[in-house]
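Coming up is one lone chain in structure tokens, specifically the form predicted alone.
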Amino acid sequence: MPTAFTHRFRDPALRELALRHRSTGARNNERLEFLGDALVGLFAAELLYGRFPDADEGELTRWRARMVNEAALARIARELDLGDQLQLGPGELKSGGFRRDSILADAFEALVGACYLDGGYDACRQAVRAIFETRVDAVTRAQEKDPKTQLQELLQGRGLPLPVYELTASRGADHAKIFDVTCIVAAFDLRCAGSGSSRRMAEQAAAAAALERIAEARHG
């Protein structure tokens, strides 16, 4: 069954504002995106909490992250055809901003924020849960991707350069070496360190640190 946003706006201007990217000018969807970000996280957490009474906090946190991360919300936005409805400035339009994960995810969150202002808490909750309920089982069954893959997909989704991993040191005896790696994410001006008993494990640790820093910057 195709994804649909079930709320019907009483004030069409709110929906229009939700789909107006900041590249169009001062009147844009950033404030609505701020509001919608909080609501999306809340409704996802509530749905998981009720559906899985035996899950611990760690499981619930991981599942919520999969439901509301940038790539997941961008997929929902594509299913709702939000890319075709976005208002973008000339630069973003030329560079294909309507296909970019970050812009699509923000537009979905802005739409949720607009729904809340237009119809109230219950109407917004119903619209968001209707979308999430169709994918919650897949999210909880999915095998979690490793940090390097997650970081690569996040950057690719935004059209940004891929990270670079540098081996900075290796120490210890041959049978018990520890490798130190730095993950460089130029687009976010990040240099994150990681260590492990193999170079691959050190790269994964560094990528995980980078993902955490990017998440803090987004939600901080």
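Note that the coordinates shown come from a computational prediction; the quantities given were computed from them, not determined experimentally. Start at 1 and count along the sequence shown; that's the residue number.
The next section is about a form of this same protein that is not shown, the form predicted together with a further copy of the same chain.
Peer 1: Test of understanding: in the predicted bound form, would R125 fall inside 4.5 Å of a further copy of the same chain by heavy atoms?
Peer 2: Judged by the heavy-atom cut-off of 4.5 Å, R125 is in contact with a further copy of the same chain in the predicted bound form.
Peer 1: Just checking whether L39 would be counted as a contact of a further copy of the same chain in the predicted bound form - the rule being heavy atoms within 4.5 angstroms.
Peer 2: The answer is yes: L39 has a heavy atom within 4.5 Å of a further copy of the same chain.
Peer 1: Given that the partner is absent here, does P161 sit within 4.5 Å of a further copy of the same chain in the predicted bound form, heavy atoms only?
Peer 2: Judged by the heavy-atom cut-off of 4.5 Å, P161 is in contact with a further copy of the same chain in the predicted bound form.
Peer 1: Please check if E30 has a heavy atom lying within 4.5 Å of any heavy atom of a further copy of the same chain in the predicted bound form.
Peer 2: Within the cut-off, so yes.
Peer 1: Spell it out for me: taking a further copy of the same chain in the predicted bound form, does every residue among A45, P53 and T61 have a heavy atom no farther than 4.5 Å from it?
Peer 2: Yes, because A45, P53 and T61 each have a heavy atom that approaches a further copy of the same chain to within 4.5 Å in the predicted bound form.
Peer 1: Work out the direction of the Cα-Cα change for R62 and R158 in the predicted bound form: closer or farther than in this form? It's 3 angstroms or more.
Peer 2: Closer, not farther.
Peer 1: Relative to what's shown here, the Cα pair G83 and L160 differs by 3 Å or more in the predicted bound form. Does it come closer or drift farther?
Peer 2: Relative to this form, farther apart in the predicted bound form.
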